[in-house]
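Shown here is one chain on its own, the form predicted on its own, set out as structure tokens.
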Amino acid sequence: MEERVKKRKNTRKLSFKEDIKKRWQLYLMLLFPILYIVVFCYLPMGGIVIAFKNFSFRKGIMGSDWVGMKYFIQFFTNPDMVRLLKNTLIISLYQLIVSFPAPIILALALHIINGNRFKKFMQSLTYAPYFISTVVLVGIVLQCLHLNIGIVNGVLDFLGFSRIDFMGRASYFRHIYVWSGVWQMTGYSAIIYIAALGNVDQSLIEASQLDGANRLQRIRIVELPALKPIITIQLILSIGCIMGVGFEKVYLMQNSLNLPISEIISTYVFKRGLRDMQYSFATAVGLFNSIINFILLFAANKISQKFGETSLW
């Protein structure tokens, strides 16, 4: 009886102060990431109030005049709004349709390959473009597709075809943007799927082989179900970023000829905010974009909860 009482005393829950004293090293390690998130993620959120004020550097954020929904109404009544939303959605959906299944296919293909050396070589080869910066990537794309000195037009000219001004034709912009992104990001995005496939129960694979399943049937019956939770989470996160097309790459690829198609919300916010110094208007547009992303993320998570077993929360 006494031993049971001693065990109960030893297994009682520690208070928060006692836990800090006992594991202070872990709390110290946790302190720096929390400070980083608070300083660089949460404190800047206070600047959202600029969207509802006529911001002035001289008066500051709190001293600027309150204008309410003025800049939101100004954006909604702007004739460019429909074009900006259309361009943003088309590029985002195109990118989602093409780039989302690409790492899954790559991971499945590498998982099937038997040679370890060749598998590692291919994984390194597809992963390497991720380390190229956006500026360098766009520079490579512009050089390869250049009308006069580009290697692509050089090959077309050698084969007897006429040269194509890829960056001068607006119709090519979306294809160049999306497929160059697939080349850069597929290898990096496939890592999480490759890791998940490495944890697949080998007995299931052996059982499917004994039952006479070929490679495609094994992928459909064994490997894809193992990837289903990760695919669901990644899809929810991708849907939540539909309105958040990367600013840097689009801006670097823009020119006067493709601007009607390449102008998206993020580049519009940059130009109106920093170039034209309309900080309140740019903040309002950015806040609207973030709200749409949050609604899409919340809706995708709810749908996943209703029809599946995996969700973010």
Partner chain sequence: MQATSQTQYKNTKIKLYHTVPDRILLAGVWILLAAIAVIILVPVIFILASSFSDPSAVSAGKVFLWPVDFSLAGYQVILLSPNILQGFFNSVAYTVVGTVVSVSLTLLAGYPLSRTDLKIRKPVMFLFTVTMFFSGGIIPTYMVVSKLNLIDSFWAMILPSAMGVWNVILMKTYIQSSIPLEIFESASIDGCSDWKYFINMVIPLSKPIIAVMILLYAVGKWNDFFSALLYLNDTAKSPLQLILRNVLVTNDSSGMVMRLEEQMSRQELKTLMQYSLVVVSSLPVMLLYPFIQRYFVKGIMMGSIKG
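In this text, all values refer to a predicted model and were calculated from it rather than measured experimentally. Residue numbers count along the first chain shown, from 1.
Keep in mind that the form predicted together with the partner chain is missing from the display, and what follows is about it.
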{"property": "Option touching the partner chain, based on a heavy atom within 4.5 Å in the predicted bound form, out of 86, 174, 169, 215", "result": "215"}
{"property": "The partner chain contact at residue 82 in the predicted bound form, heavy atom, 4.5 Å", "result": "no"}
{"property": "The partner chain contact at residue 209 in the predicted bound form, heavy atom, 4.5 Å", "result": "yes"}
{"property": "Partner proximity in the predicted bound form: residue 300 to the partner chain, non-hydrogen atom cutoff 4.5 Å", "result": "no"}
{"property": "Distance check, residue 48 to the partner chain in the predicted bound form, heavy atom within 4.5 Å", "result": "yes"}
{"property": "Joint contact, 91, 94 and 204 to the partner chain in the predicted bound form, by non-hydrogen atom at 4.5 Å", "result": "no"}
{"property": "Contacts with the partner chain in the predicted bound form, stretch 269-297 (heavy atom within 4.5 Å)", "result": "269, 270, 273, 274, 279, 282, 283, 287, 290, 294, 297"}
